[in-house]
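Just the one chain here, the form predicted on its own, laid out as structure tokens.
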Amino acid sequence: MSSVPFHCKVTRRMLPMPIETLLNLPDLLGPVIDGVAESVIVRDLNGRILLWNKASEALYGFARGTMVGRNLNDHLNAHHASTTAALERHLLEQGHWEGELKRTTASGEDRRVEVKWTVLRGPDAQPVAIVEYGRDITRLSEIELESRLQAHRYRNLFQAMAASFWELDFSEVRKMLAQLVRNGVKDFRGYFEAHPEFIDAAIAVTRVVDVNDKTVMLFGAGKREDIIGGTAAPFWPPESRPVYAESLLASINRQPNLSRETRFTTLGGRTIDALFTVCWPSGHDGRGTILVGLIDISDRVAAEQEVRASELRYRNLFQAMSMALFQIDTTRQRELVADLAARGIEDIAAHSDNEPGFLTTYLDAMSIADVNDAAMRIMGAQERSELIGQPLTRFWPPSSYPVIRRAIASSFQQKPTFEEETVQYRLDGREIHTLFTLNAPPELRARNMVLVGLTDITEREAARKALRQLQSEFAHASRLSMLGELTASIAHEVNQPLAAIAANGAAGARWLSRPMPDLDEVRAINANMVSDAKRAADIIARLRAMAANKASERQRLPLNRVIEEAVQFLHHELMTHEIDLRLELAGGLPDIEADRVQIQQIIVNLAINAMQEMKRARCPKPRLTLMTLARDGEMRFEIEDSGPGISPEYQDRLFQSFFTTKAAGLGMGLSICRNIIEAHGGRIWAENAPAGGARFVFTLPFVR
């Protein structure tokens, strides 16, 4: 090791005059550096030697007069694993470099020289010269070389690591612990907890021996020297005192290492979260320094805090919602789906149709993971435990399985939400009508969860049912009123087959009264009577159906046939008012799904209104056209008259309840027509035809 004290080296700080001036006085500075045992060489930025001391002459064999003014690296044939140009660039960037060089002496001998280069700067902080301290290490022992190599590797590793490394001197702390032992302290944990000032004092005497560049950056220091030589106190906030105490206990108990998450403070006062690790490898006992590693986990801790805050917000929102919320565990359901995928099953809807027990299995594979207070109320539970862990099968009646089938299909299509009205069981087995909402965004799916919301619509459904009943009663009353208006037509329709039966009966009696009855003629007359009786029975059946107050019964129907049957109710009215009836019914139309009586009621109602308006307006050539056609994927029915048309002031009020232009009307007919059509999924409106007259139009969906 060098015997030259560090303060004897040439630095800008120790010089009383500008360095440029001093360097220009080699006769003055030369004797100073001649007293230094190490080789001291000062050169300018181009490598030209300015000063060359006696030790340099001894090391390289060149006299001062020979070397001053020459290029140092060129003349000594300097070699390094890197290039000397690269070393010079590093030196100017960092201000310092140290390492080993291979140089050639005056006798031609190669020597390994350990050198330390430092840039000297002028008053304007610009580099003006480079001072080199050199030591011949050619004849170091193998052990010393290996030791130096290991130290070099350690230094490189120490500096290169991404983590913050600290070499700390615990010598004074060891003395404090030894004093506690002498004082009879045995329960160190209890003592540390009772005397936090001891931990503070220990931290205050824990000295920093060395740190790496990562530490300088992480703790906001300008350079390593801002930290080295000080104590750990500025970096250990009071909240991290327990971790320091834990490390002392680990040392006392001879644990090989200790790792804890804690917090530290930077020189700027910023708090950082870090993973603190200290180790005491075997053979370390008795040494005063230890190596401590810190990994900055501030981002991870911040992210975890944000996640916890987010989960807390979710939890509060989950509980505060008035809607009943169920968090569903889909772990086993995903396994079931994966099994289906492995078997090549992609159409889950078709699979559920082909496997009757699949929906039950699917519901069994999902269970309730959590519920909010509203969910407990809607299901009649007193405790969450009554619901948590229950399979969904318990809450779904078989009548609601079609909803589950559609929900599963939606889920397989990766749709995030699904909503439909359905019926479900409470815990007591009572059925409730609910609005079922399934929320399955990718974030929840990834956690094997979906969120189900239920809104109790039992009262709303009861109100709907009451409204439907009221509308049905209104419609029935309207039909009865309509039939009253058709009394003459009905009587005429019924009377026709009865009159024919009577006439055929009389004719048959006459044929039978002859001496030689013509039995073939009698049979023909009898057949006519049976046909007429059947026609009368059909008329009576239609009247009974129209007059009956039955619940809506939808079936698959051809609309054209429904229209032709309705026209039979109107036959006498059409004849009486000399209405020119035209049926323009498109052929090949798809069927509709509807209640036959209700659709006929609408057609008859619209036709009677048209005939009454044409009569009131005294139309010279009353005409009524009934038309069907397919348009925009739905069935369209139009009824157009040749009357005066619709007055603009009535256009928007025609379908309002209790609005009428008739002197004795109730204003319910068109309102009931609208309710019936909308209940069938269609639309109804009125408009004036381009050629004059009114046109009423309704649409109905085709059967799919």
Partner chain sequence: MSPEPLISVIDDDASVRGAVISLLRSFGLKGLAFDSAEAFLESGKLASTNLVITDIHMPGMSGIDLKRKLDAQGSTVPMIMITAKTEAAVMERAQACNPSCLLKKPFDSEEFIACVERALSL
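Positions refer to the first chain, counted from 1. Here the structure is a predicted model, which means the values were calculated and not measured.
The following text describes the form predicted together with the partner chain, which does not appear among the structures shown.
J.: Pick from 323-331, 105-113, 529-537, 253-261: which stretch has a heavy atom within 4.5 Å of the partner chain in the predicted bound form?
T.: Contact criterion met by 529-537 only.
J.: Looking at Gln496, Thr437, Ser411, Thr118 here, can you tell me which has any non-hydrogen atom within 4.5 angstroms of the partner chain in the predicted bound form?
T.: Only one listed residue qualifies here, and that residue is Gln496.
J.: Heavy atom within 4.5 Å of the partner chain in the predicted bound form: which of Arg631, Arg308, Arg510, Arg556?
T.: None of the others qualify; the residue that does is Arg510.
J.: Considering only heavy atoms, tell me if Met575 and the partner chain come within 4.5 Å of each other in the predicted bound form.
T.: Contact with the partner chain, no.
J.: According to a 4.5 angstroms non-hydrogen atom cut-off, is Val128 in contact with the partner chain in the predicted bound form?
T.: Taking the distances in the predicted bound form, the answer for Val128 is no, it never comes within 4.5 Å of the partner chain.
J.: Report yes if any heavy atom of Leu267 sits within 4.5 Å of a heavy atom of the partner chain in the predicted bound form; otherwise report no.
T.: Heavy-atom contact with the partner chain at 4.5 Å: absent for Leu267.
J.: I'd like to check something about Ala503: if you look in the predicted bound form, is any of its heavy atoms closer than or equal to 4.5 Å to a heavy atom of the partner chain?
T.: Yes.
J.: Does the partner chain come within 4.5 Å of a heavy atom in each of Ala341, Asn560 and Val562 in the predicted bound form?
T.: None of them does, since no heavy atom lies within 4.5 Å of the partner.
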